[in-house]
Structures are given as structure tokens and as C-alpha cells.
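The chain below stands alone and is given in C-alpha cells; this is the form predicted alone.
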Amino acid sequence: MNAMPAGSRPNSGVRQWLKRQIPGYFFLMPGFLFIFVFMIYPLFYSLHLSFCSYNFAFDTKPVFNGFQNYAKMLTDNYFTAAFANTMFFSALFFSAVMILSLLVAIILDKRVPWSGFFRTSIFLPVVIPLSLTGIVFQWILHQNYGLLNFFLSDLLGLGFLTKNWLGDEHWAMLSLVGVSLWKYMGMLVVLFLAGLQSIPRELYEAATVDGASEFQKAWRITLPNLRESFVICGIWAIIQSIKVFEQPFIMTQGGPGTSTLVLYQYTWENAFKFYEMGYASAIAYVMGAIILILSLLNMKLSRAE
């Protein structure tokens, strides 16, 4: 057997490895290119814009201005109002959707009559377009010819409960929270139901034999086994609440006054109404930071239970 020249085997091995691997990476290139063009590049370019002054209607190119866009938020009354409204909406929506969804999921997890019909009915709003939801509820909540006020006054005789739901600054944001609950609760009910049905029934049977009450079963078995569901549902609810846009944009246009102006809408107005792409990018990154912080806090609290 002839001896192979020194150094020829490693080079041959590398060539063989490249021949096997390159075709695979070649077929992945369209995916990598799509991710780079539509996700990675916009992400870093918008970060760059957040440190620039750039009105794309008048400026030829972005001009670096350091942290001026972030400092501007501290003295911007519209940003302050949008930030406060977003936090109020998020706190109310997050609390309500988590509690109501869990309660509905627990009820539907029992063998109640028509459970399939109720599950479908609760999930159905999730697949309805948000723009259509906004238009329909704009009519339902109208002060003069809305269905809700008609139902309260003419059918139930509770005329004192009728309101200008979208025109009163004290009720406008609460109305938007109610519409969002109707729209999104079905998604969390499905996620909680999946978590409930993954809990072994033997645990409940053993607890029943030991004489545990329904409250003890819920506290000792149900809630601890739903930790992952709480993490997933919590992050989903936080993201939906911070980036709320369509409901106030369609139903109230941020009014009356600034009572329903939220951060996402204010970002859109700066970007596409005032053409201030630098300031809009800075606000978008503040929103991203808020979502990240609240999501990490939710994960920590859910796993510490």
C-alpha cells in the first residue's frame, strides 16, 4: 500500500465536508436573506434613526444628534399623556383578561352542556379583523343610535346608565378596554384550557381521597401546574396591551382630547403624519424596552409562585 503524502488527508476531509455542507446552506440562503432584509436590517437601522434628527419629507439624510430624541420625551406633554394612557390600559387589560380567561377556562374545562358551542363563541372574535371590530363597536357604543344605550334605556328601562361611551373622557378608555377584552379573551381561554387539560386527573382523584376541598385542589394542584401557561399568556397579554393601536385609532382617534392617545398611535403619527422618523424610532424603542421589562417581570413572578 502506497503512503499518502503528508497533509493530503486533512485537506481532503475539509473538501468533503464543504461538499456536504454548502448545498444545504445554499438552500437556506433565501430564508437568511429574507430575515436580514425585513427583520435584522430594519431593527438596527431604526436604532440608528432613534439617535438622529430625520424628517424624511425635507431632510436628505439622517443627522446624528445623540440622545436628543430621548431627552425630548421628558418635556413632551403628548408623549407623557400617551405613556400614562398606555400604562393605564395595560394594567387594566392585563388584570382583567388574565383573571376572566382563567375563570372561563376552568368553567369550560368542566363537562358543562354546550361547552363546544361556548368555546367556539368565545374564540370567534379572535379571527375577526380588528378594523371591522372597531367599526362595529363604534356603532354599538354611539351615544344617540348605539345598540348598547338602546338596550339599556328602551329594553331594560335603565336610562340612567346610558353614557356617551366614546365621547366622554372618563368612559372612552374603559370602553376600549372592554372591546379589547371581547376581542382577545378567546385566545387566552384556549391557552389556559390546554394547560388545564395537561394536568393529570390522578392528582385530583388522589386529593379527593385525601379529603381536599375544591379551593385546596385549585390552590395546590391547578395553579402550580399552570405556571407555564401563566408565563405564555402573560407575555402575550403584555405585548397586546402595550402595542394597542387599531381600537383607539378607529374608534376615538386618540380623543376626546388626549384621553385615549396611546404610545403606538403617537409613534405612527410622528412617523407618517409629521414625518419625524428619528423621534418615532426613539418612541418605538422605549415601547420595546417596556415590553421587555414587563415580560421579564412576568416570567420571574410566574415562576416564583
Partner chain sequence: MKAPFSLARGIIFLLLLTLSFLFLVPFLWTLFTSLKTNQEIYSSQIIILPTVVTLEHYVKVLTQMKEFVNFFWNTVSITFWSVAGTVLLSAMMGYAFGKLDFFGKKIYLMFIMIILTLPYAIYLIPIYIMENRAGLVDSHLGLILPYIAINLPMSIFVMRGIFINIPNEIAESAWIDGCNFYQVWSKVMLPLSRPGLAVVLIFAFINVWGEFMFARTLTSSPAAQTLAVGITFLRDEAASWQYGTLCAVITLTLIPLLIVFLSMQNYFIEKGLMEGALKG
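Residue numbers count along the first chain shown, from 1. Owing to the predicted nature of the structure, the values given are computational and were not obtained by experimental measurement. Between two forms, the rigid core is the largest collection of C-alphas that superpose within 1.5 Å.
Below, we refer to the form predicted in complex with its partner chain, which is not included among the displayed structures.
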Verify the contact flag for F137: yes if a non-hydrogen atom of it lies within 4.5 Å of a non-hydrogen atom of its partner chain in the predicted complex, no if not. yes
I'd like to know if L132 sits close to its partner chain in the predicted complex, meaning any non-hydrogen atom pair within 4.5 angstroms. yes
Tell me, yes or no, whether V97 is in contact with its partner chain in the predicted complex, where a contact means a heavy atom of each within 4.5 Å. no
Using 4.5 Å between non-hydrogen atoms, is Q16 touching its partner chain in the predicted complex? no
Based on heavy atom distances of 4.5 Å or less, which listed stretch (148 to 156, 201 to 209, 166 to 174, 75 to 83) is in contact with its partner chain in the predicted complex? 148 to 156
Candidate spot L102, G257 and F274, all three touching its partner chain in the predicted complex (heavy atom, 4.5 Å): no
Sole residue of L161, A91, V112, A71 within 4.5 Å of its partner chain in the predicted complex, by heavy atom: V112
Going through 218 to 238 from first to last, which residues have a non-hydrogen atom within 4.5 Å of its partner chain in the predicted complex? I232, I235, W236
2 Å or more on the CA of L292 between the shown form and the other one, with the rigid core superposed, yes or no? no
